[in-house]
Structures are given as structure tokens and as C-alpha cells.
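First, one chain by itself in C-alpha cells, the form predicted alone.
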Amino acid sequence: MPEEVPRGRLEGDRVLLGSTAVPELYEGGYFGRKVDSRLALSLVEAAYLMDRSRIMVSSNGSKLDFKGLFELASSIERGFEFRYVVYKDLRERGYYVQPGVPDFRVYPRGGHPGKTPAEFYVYVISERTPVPLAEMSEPIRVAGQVRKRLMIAVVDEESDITYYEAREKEMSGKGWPGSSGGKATLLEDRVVLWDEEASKSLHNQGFYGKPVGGRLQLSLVESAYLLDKGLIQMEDREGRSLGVEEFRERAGRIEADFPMKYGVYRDLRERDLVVKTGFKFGSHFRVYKQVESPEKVPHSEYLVHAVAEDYMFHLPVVSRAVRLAHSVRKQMIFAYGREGNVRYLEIRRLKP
């Protein structure tokens, strides 16, 4: 290795180099940050540069090779090996990358630190690591506040990387106002509206339910919403009238996640979106911005899955959901929060 290669020293969780490294590495490649007259590199930056024979590093007076630095860095910094794989990949794609919150800042092609703002914040995750919703939503919130995009880099067991973009989604549509119905009966796990004219009206003007022999079969969430809006009257099989609260309590006994699903369903309908079951797509709902008539139903724009606020994202599950949504030309949306305060999180594949 030539003598002019900058020499650095491992100190804690960074590598410090002398002032001679600043012109080549900092000003020429935007590596590290200046500390007084010296240059401080993060561990991933140092490993990347050492692997390219652009720096030398010592620790406690002993020279390190790449293996030695990598093993030390891995013991110092949890998840170092994943971040290194992502850092290396993004650099080799031609991006300038700097350590930041939550893991990296990535600058657009043609831009660099000091010239252009960062385009992406990067959040690095191992495919094996379940991620709490709260942990994922925080960097999304931070990125949104400073008008940045959040890139989630998922590193699989073979160190291949799949990139996703995650962002808060504003949901709105041009749905139809509901029309009044009639008396309906709660049966086993669904509701039947008996009056044929009322059934036709609700289906044609709001795309509610499924007509079966002229009568409308309604799902539990549809029924709760229509009952809550005063558009149907509900009774049980014994002919006893059911109010909103009693119906919702019964529905919760039939379907364990009914309260969560209903909160999302109601919010989507209140945003003038048309909502139908998403069972065949493996999600709670498929959602349309607008449906002109039941005879001219377009492709739905969204798949929406309701999750609890303590939900754990398992990355293989997310991968399947996003890939399926993409294959049927829909956006994958995860909905969370309490009734009256529902938030929407879109996750989609990204090609850097």
C-alpha cells in the first residue's frame, strides 16, 4: 500500500484521520465530516474505504486489515454488517451517502452535500428482525416533517437488498352518498336486507353489499356503518331490535378484529372512498376512489389492511403483501390508529 494513503486511528465508534485526508476524501468524495482540522469517518465509511485500499487504520498501535476492522466494527455497532452492505450498494450505484438519521442520508444523482439537500433518509433492517409499527412510523414522520422520502433497505439472509419507500398517505375519494334502506336481520355472520327496492338502492347508490336473489347481503362492517348512519334498521333472528352498540358488541364476538376493521372502514367511507372486502388479495379491504355504477366497476386503487398500534411488521409478510399489490396494480396501505384518528402508511417497492 503506497505511503501517501491516509492513515487513521480507530477511536470508539469512528476512525480519525489527519488533515491530509480532507481534500481527497471529504472534498473529493464527501466521506466523513471535519472535526477541527481532522477527518472523522463512521465505521461503515472506514470499512468501505479500507476495502478499496484508500486508507489504513490502526487500533491500539496495531495495524488492522479489513477483516480485523470489520470484526471490531461489528462488535462495536449493532447491525453494522447490514448497514455496510447497504452503504456499499448505494455508493456503487453512484449516490453520495452520509451517516444520519435513522441510518443514512442519500443525495440525488448529480447532487452532493453542500450543493443539494438529501433526497432520502435510509432505514436499514434485517429480514429476520420484526419491526414494531411505532419504530417504523417514527422515521416516516421525521422524514415527512423535513420533506424527505424514507427508503427502507431490507437485507435478506443472502445479503441481497430490497428497497421500499414508506410514507404517510392521504386517502380521499369521490364516493356516493348512501340512500335509506329498510329492515335487516343479523344471521350467522352477516346481515340480510330483505326489501328488494331498498337493497337495489343501497347497492346502486353506495356499492354496499352483494345482491343475492334480489336481497342484499351485507358484511358486518357495512352493516355497522349503515346502522350508525341511520340508513338501515337492525333486528336479530327473534325479531328483537338491535341498536348500534349492541350490534357492534355482537359483531365483535363473531369477528375478533371487528372493532379495528370497523374503525378503518368507517374512516375510509367518511373520506368518500368506496370500500369492499379485500379477502381475495389477502387484505381487509380493497378500496376505490370512485365507482360510477355497479355495472362499471373499475380496478380498485388500494389494498388496505388494518393493524393495531402495537403491530409488529414481519418483513417476509410485508414483502408478499407489497408484491401482490404491485402485481394487481394497486397500492399497499396499512391503516392504524383509533376510530376517529386513523392514519395510513403506504409501502411500495423502490428501484434506486
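A residue's number is simply how far along the shown sequence it sits, counting from 1. In this text, all values refer to a predicted model and were calculated from it rather than measured experimentally.
Beyond the structure shown, there is the form predicted in complex with another copy of the chain, which is absent from this document and is the topic of what follows.
Gln290 falls outside the set of residues with a heavy atom inside 4.5 Å of another copy of the chain in the predicted complex. Using a 4.5 Å cutoff between non-hydrogen atoms, Met56 does not count as a contact of another copy of the chain in the predicted complex. Residue contact check for Phe70: one or more of its heavy atoms lie within 4.5 Å of another copy of the chain in the predicted complex. Another copy of the chain in the predicted complex comes within 4.5 Å of no heavy atom belonging to Arg105. Against another copy of the chain in the predicted complex, the set His112, Asp228 and Asn341 makes no contact: no member has a heavy atom within 4.5 Å. Here the chain stands alone, but in the predicted complex its contact with another copy of the chain, taken as any heavy atom within 4.5 Å, falls in 250 to 258 among 144 to 152, 250 to 258, 115 to 123, 131 to 139.
Only one of the listed residues (Thr162, Gln98, Gln233, Gln205) places a non-hydrogen atom within 4.5 angstroms of another copy of the chain in the predicted complex, and that residue is Thr162. In summary, among the residues Arg271, Lys88, Lys200, Arg167, the only one with a non-hydrogen atom within 4.5 Å of another copy of the chain in the predicted complex is Lys88. For the partner-free chain shown, His305, Leu315, Pro316, Val317, Ser319, Arg320, Ala321 of 302 to 321 come within 4.5 angstroms of another copy of the chain in the predicted complex, judged by any non-hydrogen atom.
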